[in-house]
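For reference, the chain that follows is the form predicted alone, supplied as structure tokens.
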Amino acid sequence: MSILIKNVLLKDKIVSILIEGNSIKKIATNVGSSADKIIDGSDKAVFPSFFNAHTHAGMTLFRGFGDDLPLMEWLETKIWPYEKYINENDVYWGTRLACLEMIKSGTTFFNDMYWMFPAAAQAVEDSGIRAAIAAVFIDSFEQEKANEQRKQNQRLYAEMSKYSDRIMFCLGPHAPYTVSLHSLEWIRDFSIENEVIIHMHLSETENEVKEFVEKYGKRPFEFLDDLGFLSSKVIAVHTIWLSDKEMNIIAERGVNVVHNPTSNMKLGIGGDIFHYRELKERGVNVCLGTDGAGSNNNLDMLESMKFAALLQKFHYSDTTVLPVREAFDMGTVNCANAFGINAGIIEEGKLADLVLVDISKPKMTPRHDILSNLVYSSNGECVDTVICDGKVLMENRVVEGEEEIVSKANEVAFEFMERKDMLDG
């Protein structure tokens, strides 16, 4: 399958882009007109598609459910009690809805941590995008649970051959305060032996860090470093409450960190802020995520790019902190590098994961700086066409089967909540 995108704006030039198979074959002012499919790029600009470095895709089913509550109250009264009653069908349609929303807003890769791995993987397979999927690993310091979790992850890893190469297996220890020392050691060893990425929440709130220090006498990153746990295979999510020593450790070990500005603000983690300037100075690879739709409440990476940039400028009273190009890179090439995916920029030889943005939209006008318009003034609604792995997933803002996905996701969201209320009496 070949695709020719004609007369599209790439940075400051009008070019044509030839896609053959799943990669970009040629970029030139005149590529020719022979291709299986031709797309008119007039009034469009081409960008690499977006990468969502942290989310819980199935939690689209919790969108708008229990808003404006403190974090632990939200989890303990609204999320955890209902998640007990979710089944694979629920997770499948919740993840299909997440994939649809991401496609509609230009995202073709997400890093997921949620229940029922096979259902999430099948949803990604059917949607045509990419994902790194982790089964949630929580043993609550109980040996029986730990054994179950280890067996489950070994089985899931062994079954990965049945999925396409768009799906990547990851280990998903929830957090140091929910996973035992012995399990963390097992996860470390499994990651090293199989070269598998570890996706983990770390230092999200002040209380969790204080409680960790009281229990172990060390801050989380110090503890994990002593354990030999940290490496470039670790995707550390949130990383708000950090000491200077911890930031040095993160840099020295090549840990990738993920900022989730919208979720952090909404859940009121308070008191501190993501240390972008300090981490950048140390050469840390910083990625960007939306978190789940239960705590965001959307999966629009352009919104997250804008919020990340504005939050840093506000905090430091410095308009030069986190400029637009760096915010965009956090949601594209930085994440591609973290996960070893040959994408994130538009170049010959890169994977054909890209978006066409309608620059005739009012929010994209006038065109003093296309990238600034995209990040600061537009949103996912400006994305017209999405291509992933050399296949068109959306054209003229139409995604095949989207009406069924929306209908089914809405249906199962209320079904499992009714199921919970009925069984609980």
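The shown structure was predicted, so the numbers you read here are calculated from the model rather than taken from an experiment. Sequential numbering from 1, following the sequence displayed.
We do not show the form predicted together with another copy of the chain, though everything after this point is about it.
Contact between Glu208 and another copy of the chain in the predicted bound form is not found at the 4.5 Å heavy atom cutoff. When another copy of the chain is considered in the predicted bound form, Leu9 lies well away from it, no heavy atom lying within 4.5 Å. Taking the partner from the other structure, another copy of the chain in the predicted bound form has a heavy atom within 4.5 Å of a heavy atom of Thr60.
In the predicted bound form, no heavy atom of Ser42 sits within 4.5 Å of another copy of the chain. The chain is drawn here without another copy of the chain; in the predicted bound form, the stretch among 47-55, 33-41, 371-379, 385-393 whose residues come within 4.5 Å of it by any heavy atom is 371-379. This chain appears without its partner; in the predicted bound form, the one residue of Asn297, Ser191, Asn248, Thr178 with a heavy atom within 4.5 Å of another copy of the chain is Asn297. Proximity to another copy of the chain in the predicted bound form, taken as a non-hydrogen atom within 4.5 angstroms, holds for one residue of Asp291, Asp90, Glu101, Asp329, which is Glu101.
If you take 57-74 and check each residue for a heavy atom within 4.5 Å of another copy of the chain in the predicted bound form, you get Thr60, Leu61, Phe62, Arg63, Gly64, Phe65, Asp67, Asp68, Leu69, Pro70, Leu71, in sequence order.
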